[in-house]
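This document opens with one chain alone, in C-alpha cells, the form predicted alone.
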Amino acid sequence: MAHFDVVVIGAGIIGSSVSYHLSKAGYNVALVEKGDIANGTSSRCDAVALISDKKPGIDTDIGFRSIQMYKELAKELSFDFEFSSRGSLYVCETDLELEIAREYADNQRKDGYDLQIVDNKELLEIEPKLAKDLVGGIWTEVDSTMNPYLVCFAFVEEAKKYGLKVFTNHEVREIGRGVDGRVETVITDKETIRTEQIVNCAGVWASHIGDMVGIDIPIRPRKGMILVTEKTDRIVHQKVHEFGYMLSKFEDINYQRNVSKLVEDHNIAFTIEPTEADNYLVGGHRAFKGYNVRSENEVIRGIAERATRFLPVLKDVGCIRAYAGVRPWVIDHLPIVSEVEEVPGFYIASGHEGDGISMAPITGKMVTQLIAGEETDFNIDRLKFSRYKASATIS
C-alpha cells in the first residue's frame, strides 16, 4: 500500500498548484484525479488572471499576488504556459455605470492598485473597434492572460521533478479515518493510499469529497458558456468586458441594465479575449444548471447579441464552436482555503468560482503554509471553512 505525506484530490488548476508548492517544499505528495489533468472546470474556462473583476480587499489582494507569482513562474517553470500581461478594459454603456465604475476604481486605488478611468475618446484610442457610443471604462495594465491547460501541466510536470506521484483515472470512493477522526487513507476505485493529510481541491465536486468525511461544503456548480471565433485579424488587443460583468457576478450590487429579455434571463454579460492562436473567446454567462455542461442555443444567441452590441465587427466573424463549464460557486464569492478542525488532517482549497486561474499560485502557497504550520502570506480568516460552521453538519 502506497504511503504519502499529503494526498491532493483534484488535478485542476488549484490541485495542480497545491501539488507543485507542496512537492517543492519537500512533501511526498500524491495527486489523485478521477479523469486527467485539467479535465474539468480548468479545461472549460477563460484564460485570464485579473484584479479588475474583484471586490476591493482580500479578493483583489490575493489576485494581485498571484499575478506577480505567475510572472516569476513563467521564468521558473520549464513548461511554457503562454503568460502575457496584456492588461484589460472594462467598458461602460451609461453614465450611471461609469459613475459606479469610478467609485470602484477609486476604492481600488486607495489600496494601491492602478485602475484608470478612461472617457469615450480614450476608450476608442485603446480599442478602436468598440462601439462608438460607449461612455468610457476602466483600464488596468496588471491583468494578465495564459493558457489554462498549459498552466496545469506546467505545475504538474515541474512538481514531478520534486517527486510528485500522479494517479489519473482514479476516482476517490472513500476516505478512511482513525479512531481519533484523523484521515488515514484515500480509497479509489483502483487502490488504497495511506496518508496523514488530504487537500480537497475538487472544485465543483468538493462537496462530494466533503460528504466522505461527514462535512457539508456549500459549493454549488455555476454554469458558464464561451464561444470561440474563427482565426481572424486583430479585433481587440486585450481582455475587454462590460462593467455589467461585475454587476452580474456580484448579486448584491443593485443595478438594472437595459438589455433584452434573452440577455437578462440568461444572466449574460459581454467579455472577449484574444488567444495565442488568433482566435477569440467570447462570453459570458452565469446560471445554476447543476452539472450540465451542454451548449445551449438560446445562450449562444444571447452571447452573440451582447457581443455584437459592444463590438459590431463581430457580426462578420464566424463562430467555430461553443463550450460550457461549471464554476465552484460559494455565496460570499470568496474561496475556501482552510483546515477543517473537526476532521484532523483534512484541508479544503476550493470554491474559487471564476477565479481559479487568477488565484491558483497564492492558493497553492498558502495551503503549503497551512500544512507546515507557518503563518500564511495573508490573514485568511475570511477564507476559513469555519465561516459556514452554523450550517455545516458534522457526523
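Owing to the predicted nature of the structure, the values given are computational and were not obtained by experimental measurement. Throughout, we count residues from 1 along the sequence that is shown.
This protein has a second form, the form predicted together with a small molecule, left out of what is shown; the following refers to that one.
Peer 1: Looking at 22-30, 330-338, 38-46, 56-64, which lies within 4.5 angstroms of the small molecule in the model of the complex, counting heavy atoms?
Peer 2: It is 38-46 that comes within 4.5 Å of the partner.
Peer 1: Give a yes/no on whether C201 approaches the small molecule to within 4.5 Å in the model of the complex, heavy atoms considered.
Peer 2: Contact check for C201: yes, within 4.5 Å of the small molecule in the model of the complex.
Peer 1: Against the small molecule in the model of the complex, would W205 count as a contact residue? Criterion: heavy atoms within 4.5 Å.
Peer 2: Output for W205 is yes: heavy atoms within 4.5 Å of the small molecule.
Peer 1: With a cut-off of 4.5 Å between heavy atoms, is I14 one of the residues that contacts the small molecule in the model of the complex?
Peer 2: Flag for I14 set to yes.
Peer 1: Please run the contact check for G136 against the small molecule in the model of the complex: heavy atoms, 4.5 angstroms, yes or no?
Peer 2: Judged by the heavy-atom cut-off of 4.5 Å, G136 is well away from the small molecule in the model of the complex.
Peer 1: Have a look at E127, E158, E273, E93 for me and say which one sits with a heavy atom within 4.5 Å of the small molecule in the model of the complex.
Peer 2: The residue in contact is E273.
Peer 1: Here the chain is shown alone; which of G302, G224, G244, P221 has a heavy atom within 4.5 Å of the small molecule in the model of the complex?
Peer 2: Contact check passes for G224.
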